[in-house]
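Following this are structure 1 and structure 2, which are two forms of one protein chain, each written alone as structure tokens.
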Structure 1
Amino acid sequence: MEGLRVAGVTEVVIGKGMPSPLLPKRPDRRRVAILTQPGATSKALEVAGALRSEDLLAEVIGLPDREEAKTLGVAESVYESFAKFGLSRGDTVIGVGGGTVTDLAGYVAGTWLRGVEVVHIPTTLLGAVDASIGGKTGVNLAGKNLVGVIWHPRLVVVDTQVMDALPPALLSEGMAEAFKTGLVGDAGLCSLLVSQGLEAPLDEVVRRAIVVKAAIVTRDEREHGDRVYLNYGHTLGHAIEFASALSHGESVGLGMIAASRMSERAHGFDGMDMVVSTIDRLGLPTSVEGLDAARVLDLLRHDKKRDGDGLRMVLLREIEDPVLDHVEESDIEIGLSAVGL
């Protein structure tokens, strides 16, 4: 299995199957709370069985599906489960599932007893290449991820056998995040997805995307510089996601198209057609109907990347050359019009 380090804190292990033992030895660890959602229950039970064979107490805590898990109410119920289980400072939380699971698992681990160890085992491509790595955690409140902490996992285990069995919708979602990573940091990964789409080899997509994110987060853990570039397509994408029934990957794909139109106008970015055709090839929508543009704009007014001078957005001068700009509402409207809003 291949290993990478992120920010000097997280070990990322990529390969087929699970490492044995699963967790690095720690003498004060007695209990492990495993958070999961319905689609990943079988993997969570497999993890629980492996931990019990290592003489650890393991409890599986089920969460609501998708974004319904990312609320303060759900976090409170998880804290109550931790208390009943007797989870102590020497113990561990494991998130098994997609990006919403790792977001919530990281948040409750980072705030329970002022911080306990967290480990992520992503079961979606989106979780593997993005959500599980970098320590960003959070829940939704009046907007996407407005409540959260930076809390790095001790370990991330990416089992590529799980990725090989993903249904098409989840594969497409994860490819959207991988494509974003290529646009801002790896022209070779970008070219791979442009040419092969969903047929691109998953092992290579996962490894290249994680290498880019690991390098950026290691340089800029707290998003004071380069890390902000990983938000390409996400500012508008998060607002679209929060205002609609679209998935994260679908919304980010639309956000990248809108940001590409804005990049074209502001910086002469010449990849707009490539971005649209690749999003389409990855099985994601390139426009949206029935969504209120005014609602999206209102959500952007509460975006956490806003400062005293207005909203900041990541745009592209060219592939691998992102820039952070302050944008006007008229610029945003031009971007939204590129996706039918």
Structure 2
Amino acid sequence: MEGLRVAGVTEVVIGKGMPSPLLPKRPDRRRVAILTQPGATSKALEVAGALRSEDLLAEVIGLPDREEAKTLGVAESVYESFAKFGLSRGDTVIGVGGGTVTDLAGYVAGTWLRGVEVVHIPTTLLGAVDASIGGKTGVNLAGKNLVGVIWHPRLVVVDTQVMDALPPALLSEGMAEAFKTGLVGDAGLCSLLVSQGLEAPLDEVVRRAIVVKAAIVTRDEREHGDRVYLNYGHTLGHAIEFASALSHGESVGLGMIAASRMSERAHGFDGMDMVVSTIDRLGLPTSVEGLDAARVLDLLRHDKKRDGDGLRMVLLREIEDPVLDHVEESDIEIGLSAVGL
């Protein structure tokens, strides 16, 4: 098992299986509340078993699946479960599941008794390479992630064995985020994905993606600077996702292609062909039909990343060299035309 550190706070352990003991010993910890979702229940039960054998009281709390978990109503019912269980200041919350579980677990841990320790055990690739790292937590209101705190996990355990049987759509989705991280910070990760696609070794993909995200988050925890680069492909991707029936990963893949075309025009970025062929190798679409470009543009006119001068987007001068640019609607139209819009 291999260890890494994020923002000076989070220890990350990557490997097959789980460390033993799972949690570093602490005399004031008696109880552990384990939050999970339908697709990760067996892992959560395994975690509970491991903790009980370490003489801790462990309780598994099931959450609704996917975004249904990220509401204030669910947070309230979890607080009530914590109260009944007697979760106190020295105790620990563990999120076992995808990004929705770790976002909610981080939020309730960061607010219960003004903050108790949280540990994440991501069971989706997106959770491992992105959502469980960096301390962003949140629940949705009228918009996504409108309420949240920055609350770093003490420990993240990535058991890549859990991901061996991930459904193809979830694998592609996680790989898309890993590729994004490679584009902004690790040319070697891009080479790995362009040459091996979905066959790329998960341990290495996860480790490389976390190393990049860890370095960026350590420099800029609150997204005043470099952290924004991790949004590469996401501004257009979110608009495409909203306007279509495509998944988040599929939409971000298209967003990365469109942003690469814009990068080519604005900065002479020469990786456009590599981006398109990697997205294809990751099992994601490289163009979209039946979607109205005007609708996507309209959504972008209301994007929260706008300021007085228009929309700002992350572009690439080259791989590992991102830049935040003001972009015109005509630039975006050219980007969208690269994915058939």
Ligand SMILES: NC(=O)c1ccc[n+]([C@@H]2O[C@H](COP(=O)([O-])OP(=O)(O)OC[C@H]3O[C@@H](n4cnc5c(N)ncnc54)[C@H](O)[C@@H]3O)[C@@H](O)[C@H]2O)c1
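Between two forms, the rigid core is the largest collection of C-alphas that superpose within 1.5 Å. Throughout, residue numbering runs from 1 along the sequence of structure 1. Values in this document were obtained by computation on a predicted structure and should not be read as measured data.
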Checklist outcome for this item: Check against labels, form predicted in complex with the ligand ends up as structure 2
Item to check | Rigid core superposed: T41 CA moves 2 Å or more between structure 1 and structure 2 | outcome: no
Next on the checklist: At a 2 Å cut-off on C-alpha positions, does G290 qualify as shifted between structure 1 and structure 2 after fitting the rigid core?
Outcome noted: yes
Checklist entry - Hey, does F242 budge by 2 Å or more at the Cα between structure 1 and structure 2 once the core is superposed? => result yes
Item to check | Backbone CA shift between structure 1 and structure 2, A259, after core fitting (angstrom) | outcome: 3.9
